[in-house]
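Next up is one chain by itself, shown in structure tokens, the form predicted alone.
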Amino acid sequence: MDIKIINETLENIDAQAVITFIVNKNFNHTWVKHKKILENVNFKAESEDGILLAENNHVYIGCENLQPDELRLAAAKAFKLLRQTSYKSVKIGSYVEETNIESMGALIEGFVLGSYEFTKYKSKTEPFNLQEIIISTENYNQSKVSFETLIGVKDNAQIIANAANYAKEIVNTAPYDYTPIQMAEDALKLSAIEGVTCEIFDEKFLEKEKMGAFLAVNRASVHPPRLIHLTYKPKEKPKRRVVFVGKGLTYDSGGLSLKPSDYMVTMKADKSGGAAVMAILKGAAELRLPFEIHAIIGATENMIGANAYKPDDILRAKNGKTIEVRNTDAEGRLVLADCLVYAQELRPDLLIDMATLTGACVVALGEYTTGVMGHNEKLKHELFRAAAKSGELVNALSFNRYLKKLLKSTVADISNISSSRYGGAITAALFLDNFIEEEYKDKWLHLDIAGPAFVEKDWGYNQSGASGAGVRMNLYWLMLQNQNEDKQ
């Protein structure tokens, strides 16, 4: 699908259909051509309401305002209505207020995010006819921002949304097909992007590096583990070094602490953190951001078998700390512990880990919101600002000394689960904190994406299944950091 911005009035653009947003229920706007029909069918023009007037080749979408995320929602809704039509081309006005070019980017993101469809296992798929979306600059004041700038915004928006869709495809793929080896192969393909390199490390490397926690989780799987290390380096001297660490559990049965069968369904999504950091690096490289960026993924399965690690086992992590295993379903934090120690050897200026780590985070914040944890309040607020621009929902869960005490073990340095059933998202992050060196504690954030990473129903501009959680907010964050450094 091609998205174009054309420096022409909407009326003079040739297309088979028209999309019109009715903003704040204003039916009197010049682009609303069928007011009487809309009144006759009682179209309310509420946010996310949409109607296709097929005889008039016109789609109308309700839109509360012209804020970026409202435009993402409206664009995705329009695409959903057009998906099964025979139209090959549609046109739309820009709906951008003065210099608020973020709205143009959001509009385009909405179309791209809304266009995603997971069809890998479908024997029959619906025909997809729409080939071209044309955006008019009719109501856009080019004395404020040039047409060339708009094109740049469009290109960036497509990169960001495509990166999120890339993560969705990985997460939605069935575990039989998507093994740690497959994840490593997909990572290697990213090295075709200019500035990107990829190193894949096997179990012998993990043994050499004494990554005993990571290796234990993998023991009962027929698929060997892989530590994936992607690097993007810009042509110019990088402004900072940013390291992302992702949980890449290609399937999680719970191990010997076996999940109930209902809870095992959707566990293909336990690789969402790994998929997200791959997608972030891909997007950052295509955006040509001036940062050195690393993506570290611990790829493995957590299965059952004669060789499975057990409750009561004592594991030794890469940094020498010992871990008492009290629940084998708290495995993601074990893999992340070793990966975080490895990541700090790169001496990052920023360290972000992403994981579908705890059901407790979903209980605390709901299905749609990412939990953000760490020591540095300034870093959190920077991420919140970027998340707001991206449309992703986030909330902070605060550390405290009392929850930290619940991870104590009488036989090892630390237990892999808390002694209390409450505050599980925070105690999981506090477990990871034990593997963050003092000099990096203020440079580290933990993102628990267990809620939004995979939801079994459509929501907003997200389809049922994977959402690419964390990808867009982190790309926005990197771009904001770049802008802030340019101002200094």
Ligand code: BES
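None of the values given here were measured: they were computed from a predicted structure. Throughout, we count residues from 1 along the sequence that is shown.
What comes next is about the form predicted together with the named molecule, which is not displayed.
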Inset, instruction - Choose from 178-186, 327-335, 279-287, 223-231 the stretch whose residues reach within 4.5 Å of the named molecule in the predicted bound form, heavy atoms counted. - result: 327-335
Legend entry - Within 4.5 Å of the named molecule in the predicted bound form, all of 252, 358 and 417 (non-hydrogen atom): yes
Legend entry - in the predicted bound form, residue 61 touching the named molecule (heavy atom, 4.5 Å): no
Inset, instruction - Please run the contact check for residue 72 against the named molecule in the predicted bound form: heavy atoms, 4.5 angstroms, yes or no? - result: no
Legend entry - the named molecule contact in the predicted bound form: residue 270, any heavy atom under 4.5 Å: yes
Legend entry - is_contact(residue 447, the named molecule) in the predicted bound form, heavy atom dist at most 4.5 Å: no
Legend entry - Of 154, 239, 259, 210, the one that lies within 4.5 Å of the named molecule in the predicted bound form (heavy atoms): 259
Legend entry - Heavy atom contacts to the named molecule in the predicted bound form at 4.5 Å, residues of 219-251 in sequence order: 247
